[in-house]
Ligand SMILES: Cc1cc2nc3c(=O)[nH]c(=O)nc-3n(C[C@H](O)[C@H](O)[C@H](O)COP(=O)(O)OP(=O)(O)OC[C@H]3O[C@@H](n4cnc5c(N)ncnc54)[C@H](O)[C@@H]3O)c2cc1C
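Just the one chain here, laid out as structure tokens, in the form predicted on its own.
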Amino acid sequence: MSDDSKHHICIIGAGLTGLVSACALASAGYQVTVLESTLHSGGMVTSFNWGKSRLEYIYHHIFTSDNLIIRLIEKAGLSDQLKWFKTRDALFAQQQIHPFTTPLDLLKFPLIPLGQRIRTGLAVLKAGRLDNWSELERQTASNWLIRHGGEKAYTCIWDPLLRSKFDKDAEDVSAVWIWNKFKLRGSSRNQKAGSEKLGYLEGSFGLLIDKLVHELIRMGGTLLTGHTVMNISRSEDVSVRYQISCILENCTTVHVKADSIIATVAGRQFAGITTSLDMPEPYRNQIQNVSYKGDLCLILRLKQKLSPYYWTTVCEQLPFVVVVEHTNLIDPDNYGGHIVYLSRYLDAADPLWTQPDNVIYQQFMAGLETIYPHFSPRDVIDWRLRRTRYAQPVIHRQYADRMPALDTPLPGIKLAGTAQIYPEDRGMNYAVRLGLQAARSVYRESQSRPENPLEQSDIMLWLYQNLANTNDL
């Protein structure tokens, strides 16, 4: 039963951002309802059972510099499950796999001239130490990398990296995006060995999602799965501001009322569900003009491992752009086989996006045989394909001016999707930060700030403290 005397808040999307927002506001005593279109919580961190453990549909890891999510994991009582690994990476270029983990690997990389290898290393160091990223806003990543590292280095290394995320828009991506990559990777490197350490939650990051859902419900919140939001309109009930209309799997429609809304969706999705509201044209243009890449992620369970590398960037024209061997971190016995992710970012207009799963699978298998001659499709125990329509916002030049603000022009409505994460790139740490920022904005604007009478757990108390904190995250 909901308490009609409380300020009602609706969160659209039960991903990490939505659940952090929901728990933070529930910890302060608000009445919170989370609406999720699928039947599972987690968003891009959704996991499933494979073998004796759980696994994300899309590969995930965290960096040693990801302080917010590390703290959240600690407060959730999951620190013992957080394991850190020294990883090995590689490039597949000119039909050969090249180690590409340490600065020494770059210096020994044979496919670009020595002078450009040195320039490339210095460019990475320069970008990683740059604090005033605004000076990069007017530059493209391609021009900056060519100027500082050389044409051959760009063609061989950086162009494939950019295309792995932005496909045909790679040449237009802001230099700010590549700056963040250098800075993030550099902050996670072991200073002695020069290699980075990555973290993974043994049992999957789904354990953290489960904990957030449990705490939300314990504090009186509601999670409604299978509820696809179709429209937000002004409520005819004068006691509440908005009505959110949802369609269920059986095609019936239900309505949820709220005083404030946090939409953790893509801008174009947000535009589609707010047509009944009087949205100022400049903001509506902003949310409609942000473009996104979809992601095809094929998960394989194999009889044997492919290589000693966790991450292999593909610098050739193959159907996928990265190979992630998850079981080079986690014991394959947990899953009953070796787990490999193959990922491809592309436009939804690309013909591959609409191909049947088995066609995509066959194309990916052919690509895998090209990289690993010892591999055979007979090694595949089973597989799954995950399609994510709004996986990666395209970060153009001067994105700070293009980015739709979290605080929309509509009173009490916040937009907190991946396009609101900047200058950093999307990631779980920044999803936590965005969730806290959205919740804090609602908290500050609310005329009533209830205090929760229930006993708070460590995680809810931590979220509440961040909610009420006057300092910026």
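Numbers follow the displayed sequence, beginning with 1. Keep in mind that what you see is a predicted model, and the values were worked out from it rather than measured.
Although it is not shown, the form predicted together with the ligand is what the next lines describe.
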(message) I need the one stretch from 235-243, 220-228, 349-357, 146-154 whose residues put non-hydrogen atoms within 4.5 angstroms of the ligand in the model of the complex.
(response) 220-228
(request) Using heavy atoms and a 4.5 Å cut-off, decide whether 17, 45 and 60 all contact the ligand in the model of the complex. (result) yes
(request) Could you work out which of 442, 28, 68, 35 is the residue within 4.5 angstroms of the ligand in the model of the complex, going by heavy atoms? (result) 35
(request) Tell me, out of 436, 413, 55, 428, which residue has a non-hydrogen atom within 4.5 angstroms of the ligand in the model of the complex. (result) 428
(message) Can you tell me if residue 100 lies within 4.5 angstroms of the ligand in the model of the complex, counting non-hydrogen atoms only?
(response) no
(request) Please check if residue 391 has a heavy atom lying within 4.5 Å of any heavy atom of the ligand in the model of the complex. (result) yes
(request) Evaluate residue 24 for contact with the ligand in the model of the complex, applying a 4.5 angstroms cut-off between non-hydrogen atoms, and reply yes or no. (result) no
(request) Answer for residue 179 alone: is it within 4.5 Å of the ligand in the model of the complex, judged on heavy atom distances? (result) no
(message) Within 4.5 Å of the ligand in the model of the complex, counting any non-hydrogen atom, which residues from 238-267 show up?
(response) 264, 265
